[in-house]
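Take a look at this one chain, the form predicted alone, written out in structure tokens.
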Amino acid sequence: MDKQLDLLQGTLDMLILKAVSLGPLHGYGILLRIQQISKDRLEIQQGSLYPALYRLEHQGWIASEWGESENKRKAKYYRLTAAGKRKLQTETENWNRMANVMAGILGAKPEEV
């Protein structure tokens, strides 16, 4: 099994936006969804998640409403807003550009410098 990777600074918001873009989820469901789509290589701590959810909702990128969880408990469900979809698209493009730059840098050979 792969060792879990440390989450890079500033990527939590993007991961949350991606998770809720796949369908409305309650807080713990977001943790599980990120774990699932990362094939258990990322694990988000609840202490990091809830302040991020508050921040994203305050910025208008996600919206919430109360509902009932699978175990019949009251839970706040989050969904992506139109502004959140735009933000996710922008962040994804920026991330992909940066990943390409980093791959080029890390793949540089002495004869190419």
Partner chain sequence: MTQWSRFRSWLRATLRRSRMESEMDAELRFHVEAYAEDLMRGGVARHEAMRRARLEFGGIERAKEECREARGANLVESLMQDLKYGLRMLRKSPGFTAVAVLTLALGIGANAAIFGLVDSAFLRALPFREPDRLVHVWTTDAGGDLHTPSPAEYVALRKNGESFEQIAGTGWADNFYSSDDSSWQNLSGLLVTPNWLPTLGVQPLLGRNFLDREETAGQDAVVILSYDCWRARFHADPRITGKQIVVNRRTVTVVGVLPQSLGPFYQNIEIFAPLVLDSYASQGKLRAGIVRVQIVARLKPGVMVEQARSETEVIARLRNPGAPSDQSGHLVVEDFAEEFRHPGPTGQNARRGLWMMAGAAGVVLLIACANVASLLLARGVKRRREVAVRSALGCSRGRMIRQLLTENALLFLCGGSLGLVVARWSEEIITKAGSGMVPGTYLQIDGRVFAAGLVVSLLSALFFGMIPVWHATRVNLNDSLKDAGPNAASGSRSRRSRNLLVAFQIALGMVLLVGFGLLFRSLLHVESAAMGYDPRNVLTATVALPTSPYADPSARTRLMREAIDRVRLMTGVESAGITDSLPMEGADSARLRIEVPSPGATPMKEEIWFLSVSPEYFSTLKTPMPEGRPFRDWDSHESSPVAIINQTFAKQYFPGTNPLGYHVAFADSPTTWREIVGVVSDFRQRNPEEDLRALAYFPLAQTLPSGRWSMAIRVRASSDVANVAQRQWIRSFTGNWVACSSRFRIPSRSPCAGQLLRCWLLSVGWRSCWPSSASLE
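Note that the coordinates shown come from a computational prediction; the quantities given were computed from them, not determined experimentally. Positions refer to the first chain, counted from 1.
There is another form of this protein, the form predicted together with the partner chain, and it is not shown here; the text below is about that form.
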Worksheet item: Would residue 31 count as a contact of the partner chain in the model of the complex, using a 4.5 angstroms cut-off between non-hydrogen atoms?
Response: yes
Practice prompt. Answer with yes or no whether residue 69 is in contact with the partner chain in the model of the complex, where contact means some heavy atom within 4.5 Å.
Written response: yes
Fill in: Any non-hydrogen atom of residue 80 within 4.5 angstroms of the partner chain in the model of the complex
no
Item to complete: May I ask you to check whether residue 59 falls inside a 4.5 Å heavy atom distance of the partner chain in the model of the complex?
Response: yes
Fill in: Partner contacts for 73 to 102, taking the partner chain in the model of the complex and a 4.5 Å heavy atom cut-off
73, 74, 75, 76, 78
